[in-house]
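One chain is shown next in structure tokens, namely the form predicted on its own.
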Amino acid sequence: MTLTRRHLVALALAAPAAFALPAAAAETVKLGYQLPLTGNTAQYGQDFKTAAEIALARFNASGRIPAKVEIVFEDSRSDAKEGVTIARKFVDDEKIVGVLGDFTSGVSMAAAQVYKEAGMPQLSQTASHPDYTKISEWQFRNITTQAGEGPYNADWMVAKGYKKVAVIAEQTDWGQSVTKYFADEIAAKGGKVVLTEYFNRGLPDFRSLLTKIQREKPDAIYTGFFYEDAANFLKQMKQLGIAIPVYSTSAAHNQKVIELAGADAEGLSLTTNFLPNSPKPEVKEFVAEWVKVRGAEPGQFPAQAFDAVNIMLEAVVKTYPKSTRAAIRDALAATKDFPGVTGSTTFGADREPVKQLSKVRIVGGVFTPVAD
């Protein structure tokens, strides 16, 4: 076939389009997400995955960078050994430039040792043990810690006139931090912890523990548990006819507490960063997307995951096309006034989030903002 000058010009014009599209399509920025997708905390990991998928789909459709972002999900089963194995897998994949997770502080901290040595930025949506971010310059979190929540709740309860408090929490590192920071602050404000008890997560029968609490005649009860245990505790408390105010951390902020405990959840007070009925456009959009996928309003933890993924994606935007692990870390460290569904997030020099807590109480079957 003889190529005329017109053919050559046409080929020359077509060539950039023919080759540019496949190159752009082939380019992918990869992130890792370690989370429990099976095991006894799988419900939380599944929530995180849904939140991440909502955030990622929205980001990839936005065209903010001329490349797609991919998230590689790995199931840690909330097991520290498995978390370390995943961390090694992620750092060995040169294309992964940042990691999200894990769920529990224990698994997050175990994996953090690997990320510390490899120089991989790690952002956990829920690791609230105070020592997590002290591991290295590579660890970040966007959730408030018990070092902040404990004193906040203690001050709230003292202001209500509750000076004698019984404290119960799950038998984990996180549970111990719940009791420590609350107890230190309430003592400093002239109050007293009259009982401290720990239980194993998933305890089916709280009645013997409730009997111990009742004997101490506290003004109120402060708790460190997640929604399943919260529902059981509140139901059995009402069955025993115990009418003592109950306060908790943001870990219990989940619509399933109300679904499982029904009217027995009425009056539970807790702190949170997320109000699903907020009029803010970003909250309304996230809640609408979540309901479309899951059929019910999201709680605090899915909102934390949604914000964590978006904060990481913003770091990708800031560093693209040179999104190295070190560049992502520096971009995360520079995060200031990020407008998330859990409020504005700024990372301090210690990579801790500067965030505001809100007070809510279950009133009429709804988590309702309260002033006192």
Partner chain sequence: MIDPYYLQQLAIGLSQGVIYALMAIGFTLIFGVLNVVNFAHGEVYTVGAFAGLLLITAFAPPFLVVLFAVLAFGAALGFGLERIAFKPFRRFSDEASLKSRAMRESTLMSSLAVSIVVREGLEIGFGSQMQTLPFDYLINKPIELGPVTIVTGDVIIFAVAAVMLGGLQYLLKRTRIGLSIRAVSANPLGAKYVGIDTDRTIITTFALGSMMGAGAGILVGLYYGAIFPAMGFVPGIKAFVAMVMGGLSSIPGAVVCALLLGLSEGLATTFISSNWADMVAYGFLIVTLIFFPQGLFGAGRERV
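None of these values were measured; they are calculated from a predicted model. Residue numbers count along the first chain shown, from 1.
There is another form of the same protein, the form predicted in complex with its partner chain; it is not shown, and what comes next is about it.
- Although the partner is absent here, V246 lies well away from its partner chain in the predicted bound form, with no heavy atom inside 4.5 Å.
- Interface membership of K134, defined by any non-hydrogen atom within 4.5 Å of its partner chain in the predicted bound form, is ruled out.
- The closest non-hydrogen atom of A326 lies beyond 4.5 Å of its partner chain in the predicted bound form.
- For the chain shown alone, V193 is not a contact residue for its partner chain in the predicted bound form, no non-hydrogen atom being within 4.5 angstroms.
- Only one of K89, K163, K284, R207 comes within 4.5 Å of its partner chain in the predicted bound form through a heavy atom, and that residue is R207.
- Proximity to its partner chain in the predicted bound form, defined as a heavy atom within 4.5 Å, holds among A80, L203, V291, A187 only for L203.
- By the 4.5 Å heavy atom rule, the three marked residues T41, K212 and L260 all count as contacting its partner chain in the predicted bound form.
- Considering its partner chain in the predicted bound form, the lone stretch of 153-161, 106-114, 267-275, 252-260 in range is 252-260 [heavy atom distance within 4.5 Å].
- Taking a 4.5 Å heavy atom cutoff to its partner chain in the predicted bound form, the one contacting residue in 164-188 is Q171.
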